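Only one chain comes next, encoded as structure tokens, the form predicted alone.
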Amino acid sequence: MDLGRILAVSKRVFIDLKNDKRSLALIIIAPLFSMAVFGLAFSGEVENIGVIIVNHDTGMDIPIVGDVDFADQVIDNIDHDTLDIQESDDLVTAIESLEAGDAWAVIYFSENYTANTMASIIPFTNASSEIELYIDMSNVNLAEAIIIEVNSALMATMEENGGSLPVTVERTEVYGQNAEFMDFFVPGIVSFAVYLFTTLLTLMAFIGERVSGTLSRVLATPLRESEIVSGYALTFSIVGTLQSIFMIVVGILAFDVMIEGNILLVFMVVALLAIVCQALGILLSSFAQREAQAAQFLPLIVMPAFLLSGVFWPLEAIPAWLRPASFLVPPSYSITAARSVMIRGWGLDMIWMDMVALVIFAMVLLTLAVISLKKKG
């Protein structure tokens, strides 16, 4: 491939976008409109949230009553459909798993939890009993579900014992301290908007070039199909990055969203997603003969990302049998990576798997886009 030809194609596409007022409006106004329209909190019934329980409680042998173990009672009262519980004997190892993103929370019962709880029941004592909860707040919906479930289990244990147990939950926020819904929402809507608009722009542009005969004339020149696709990839990676900058700036100024990691890494992720999406748009354009037929692809473009990427609600809220399908939706990786950088402060060493997945999607779809041009050009 010739770099000069790729840059020439990219320049021509930029000129076409500049002269097309509708495309300019879609690039500039649509992302802001999306943030305004979808700026409401979405919630769902989440399930199978991964948590680790470290139970060191030794219980107590109380005369007449017998063995008492309040930690076991609390654990038994946790809804195991909501929380997917793993057990560990070592608190340090469990917290390391939490920090690595392998769980959303660690629930710790100390060795004297039952003894402290019994002592705190006695009037006029200063004894206290606490459950230690180490929690990842980068996903506010999941964090709230965990907190609610732990508190519900405590309440149920209180009722079982005929009164109110003076127990509290000592919470340590590992990631996303003081995070709010918009901190979770903005990285998702940035990826969703770039995915949607880049795919649609490329789809409409290529259908228009086929209908007008421009594409046939371009293919009659020394330009190779791979150079045309690469030129479009360069253009829309820049456009996607500019869109993400615009939306993130709006998020910071209007909603004060947190940026814990390197924001340039977020832009790199979004640029990769834009390359994937323009290749998808070119590929889809080979199945449409005119612009009106492009509307038939809207459900195929919008619905999988809307439902399966985790943009509005956690993947844990998706039925378990459907959840593996999210691995086939490119925005899933971009959203996960962007949130991890912006809220958790993760670097490339932690999100490289999501980046590799996007690179694989890009390579496969770019190859298919080139093949489709050779067949349909």
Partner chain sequence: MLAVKTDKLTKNYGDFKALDELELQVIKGEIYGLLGPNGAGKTTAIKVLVGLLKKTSGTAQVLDIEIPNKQIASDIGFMPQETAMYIGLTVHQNMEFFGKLFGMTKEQIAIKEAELLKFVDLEDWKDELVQNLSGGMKHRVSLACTLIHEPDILFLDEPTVGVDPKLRANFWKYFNKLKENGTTVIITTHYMDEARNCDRVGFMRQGKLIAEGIPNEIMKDTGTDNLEDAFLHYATIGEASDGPTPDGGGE
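Keep in mind the model is a prediction, meaning the values are calculated, not measured. Residue numbers count along the first chain shown, from 1.
This protein has a second form, the form predicted together with its partner chain, left out of what is shown; the following refers to that one.
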### Query
Among 247 to 255, 78 to 86, 215 to 223, 297 to 305, which stretch has residues whose heavy atoms lie within 4.5 Å of its partner chain in the predicted complex?
215 to 223
### Task
Considering only heavy atoms, tell me if L366 and its partner chain come within 4.5 Å of each other in the predicted complex.
no
### Query
Heavy atoms within 4.5 Å of its partner chain in the predicted complex: does D136 have any?
no
### Message
Given that its partner chain is not shown alongside this chain, does V9 nevertheless sit within 4.5 Å of it in the predicted complex, heavy atom to heavy atom?
### Response
yes
### 4.5 Å heavy atom contact, I15 to its partner chain in the predicted complex
yes
